[in-house]
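Only one chain is shown below, in structure tokens, and it's the form predicted alone.
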Amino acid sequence: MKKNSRRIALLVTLTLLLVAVFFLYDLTGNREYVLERRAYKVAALLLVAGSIGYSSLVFQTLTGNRILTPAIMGFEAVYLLFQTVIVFIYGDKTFRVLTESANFGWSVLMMLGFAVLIYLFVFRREKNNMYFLLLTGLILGTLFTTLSSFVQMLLDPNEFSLAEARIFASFNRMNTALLGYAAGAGALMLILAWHYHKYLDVLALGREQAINLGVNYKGVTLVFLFIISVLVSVSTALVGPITFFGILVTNLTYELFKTHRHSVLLPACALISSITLVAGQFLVEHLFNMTTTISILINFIGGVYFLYILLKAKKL
């Protein structure tokens, strides 16, 4: 326990140091304007990191599988489809008809609907629920991604440029106008998650064990699916989808912290996510001079790590 506490303290120190470097490095020109822009960017980075880290780790606890995340299961595909369809319907008037706050609200509702759909498909049966969950999520995720790609083919170049800003991840053009709404939604989910946090260690034991220990498995799982849906909405609305980031940070957390206690794993995962995003964005801006994006680096490294995990599991 003391070893884990020291490691978390080290992660906190490293996070604060990186944030300070991000703020103060190469501070030239209008300092007040630069600091304001960096403050918005750091706030968004930390919010996205915490949202993805928490939702991915809790989702893996619910599924009992360390290679599955909400992104792989299709939650972000719902966001992609919704953004593409509204551009197809409204064309170049899309973001005059639908305000940023309304767009965010509808995105949250779409993902909540997807979570309820998975819940209804899975928990109508008493056995093999997890297999139905995986199968349903993967099929629906593939379906929504395919439909989104099809609709994109129907857009003219001007309309596609509008959709592109929403459907491709970018940490350089974060939607900071939504930062307040996203932070509010994240705070509400944090309060709700804190109330149900005590069930996670029991849920990690499996469905039958959790029920035998007196947990309302279906109800608690539905609550966590609701929390996951909102947090995924927060991250995708701010920066767009990042498919493999959740796999990367959760498995790094498992490697560094050999424990099953979520009181340790959740803050550790959030801190590792924050370190990864802040350090990655700093390198993109000051080392690579914006010649690439952090999402490309994350998806490449995360994709390679995902294949490594699959191959490692196959050998076992």
Partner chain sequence: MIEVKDISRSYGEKIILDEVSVSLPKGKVTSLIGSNGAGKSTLLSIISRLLKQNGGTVLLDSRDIDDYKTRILAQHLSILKQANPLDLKLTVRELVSFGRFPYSQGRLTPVDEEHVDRAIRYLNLQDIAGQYMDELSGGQKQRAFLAMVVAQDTDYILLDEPLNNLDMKHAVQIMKTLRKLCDEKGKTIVMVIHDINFASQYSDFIVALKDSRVAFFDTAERVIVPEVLQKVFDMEFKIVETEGKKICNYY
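Numbering follows the first chain given and starts at 1. Remember, it's a predicted structure, so these values are computed and weren't measured experimentally.
Keep in mind that the form predicted in complex with the partner chain is not shown, yet the notes after this line are about it.
S.K.: Can we say R37, A279 and H286 each have a non-hydrogen atom within 4.5 Å of the partner chain in the model of the complex?
M.R.: Heavy-atom distance to the partner chain in the model of the complex: none of the three under 4.5 Å.
S.K.: Of the options G184, G214, P157, G113, which one has a non-hydrogen atom that comes within 4.5 Å of the partner chain in the model of the complex?
M.R.: Answer to the contact question: G214.
S.K.: Within 4.5 Å of the partner chain in the model of the complex, heavy atoms considered, which of A204, V223, V151, L143?
M.R.: When the partner chain is considered in the model of the complex, the option within 4.5 Å is A204.
S.K.: Tell me, yes or no, whether K198 is in contact with the partner chain in the model of the complex, where a contact means a heavy atom of each within 4.5 Å.
M.R.: Yes, K198 is a contact residue.
S.K.: Determine whether any heavy atom of T259 comes within 4.5 Å of a heavy atom of the partner chain in the model of the complex, and answer yes or no.
M.R.: Looking in the model of the complex, residue contacts with the partner chain include T259, since a heavy atom lies within 4.5 Å.
S.K.: Answer for Q209 alone: is it within 4.5 Å of the partner chain in the model of the complex, judged on heavy atom distances?
M.R.: Yes.
S.K.: Where, among 214-222, 143-151, 230-238, 81-89, do residues come within 4.5 Å of the partner chain in the model of the complex by heavy atom distance?
M.R.: Selected range: 214-222.
S.K.: With the partner chain taken in the model of the complex, which residues across 51-77 come within 4.5 angstroms through any non-hydrogen atom?
M.R.: Just R66.
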